[in-house]
Ligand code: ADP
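A single chain, nothing else alongside it, follows as structure tokens in the form predicted on its own.
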Amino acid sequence: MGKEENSNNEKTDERLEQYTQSENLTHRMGQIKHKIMVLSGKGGVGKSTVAVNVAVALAMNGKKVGILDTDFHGPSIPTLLNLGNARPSSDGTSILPVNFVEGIKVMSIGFLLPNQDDAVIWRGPMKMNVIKQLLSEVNWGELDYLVIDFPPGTGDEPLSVAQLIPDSDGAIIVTTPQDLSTNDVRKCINFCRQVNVPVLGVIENMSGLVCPHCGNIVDIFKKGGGETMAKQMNVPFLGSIPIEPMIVEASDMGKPFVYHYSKTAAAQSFEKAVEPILDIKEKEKPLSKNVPDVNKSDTALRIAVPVVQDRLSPHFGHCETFVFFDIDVENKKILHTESVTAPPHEPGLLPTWLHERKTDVILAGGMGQRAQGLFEEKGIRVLIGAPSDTPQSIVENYLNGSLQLGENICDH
């Protein structure tokens, strides 16, 4: 085998790996209703503490929540949840996040370091690749919310996630009241606008010290700077969190403050701050369980069904053959059937191959969102969730209107 052939094989393997990882990413994120980024333009504002307590407050409202810690240089989430010695497991094909308590799953780069004191010295491309792996290879399952904690600033990590999850619900921006912090947070808001990430709101942390003796609040960092800045930047203000000495104690012990000290003013401020997050409407799913009618304007239609062992292939990319059905639309009758061996499943090949064979509709069991988009670009309608049945039965049920589509069962 020559060097040129080896090089071509390596490029093909690389494209296939990128395509598969992209499909995994789409599938994993598709199981999560809401993706929330927690950002700050400045360090030391308690951003990770806010992220943990927001996530726990959501879970206290009965939501299934995941927490992803992407702060490679100072992962705080394991410490804040007393998970310093935890390690993720594997099911053989994906990484399983650590279960903190029922309803909360956690993943952090800190879990993957041999020693908590190890320094991570990575450039931008390496960070991008690891973030993509964390998003695509961690099996979160079905979640209501994924809260993603970032390092301070507007660097590689938030930019990577903004690119990898373009449909995120938006960002919570954390600041403290003083101008030194709010000036940097303005840049963070402008960053969100430039990368098309909605700003869900600003939380002003460390907004006054609650005296443990008398209960009065001392404004050691001023007060109201975050709220004023939010108004000036025309973004929502989610609330002020006072400094509570018990927050420090709870954080060092790995006990979520909002749960263990739920009656304090700070905990109630956290609960108030998540109310608009709980009100976020779920985006409409692109797939429907009801099959659309056959297009009455067509006089002829060609339907392709991916098949393995004479039945519908549950995963589109694993099919052995395609069965093509030529349809008389007016009379809803099958005119001709043809079985063709599937071509090699190389990235981007099937949309072109099926388009060349005049395909109008694909009836499939499961298919990734990216692949669906490629078929749409070719003018091919894709219907997902067809049952595992013979191709003939599936098409006949489709034509007579009795075919019911289920969920997209594709794993990648």
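When you see a residue number, it is the position in the sequence shown, counting from 1. Note that this is a predicted model, so its numbers are computed, not measured.
The following text describes the form predicted in complex with the ligand, which does not appear among the structures shown.
The partner is absent here, but in the model of the complex a heavy atom of 244, alone among 244, 184, 169, 144, sits within 4.5 Å of the ligand. Only one of 136, 160, 313, 251 comes within 4.5 Å of the ligand in the model of the complex through a heavy atom, and that residue is 251. Among residues of the shown chain, residue 30 is not one whose heavy atoms approach the ligand to within 4.5 Å in the model of the complex. In the model of the complex, none of the heavy atoms of residue 258 sits within 4.5 Å of a heavy atom of the ligand. The ligand is not shown here, but in the model of the complex it comes within 4.5 Å of a heavy atom of residue 43.
None of the heavy atoms of residue 81 is located within 4.5 Å of the ligand in the model of the complex. The stretch from 44-52, 364-372, 383-391, 349-357 that comes within 4.5 Å of the ligand in the model of the complex, counting heavy atoms only, is 44-52.
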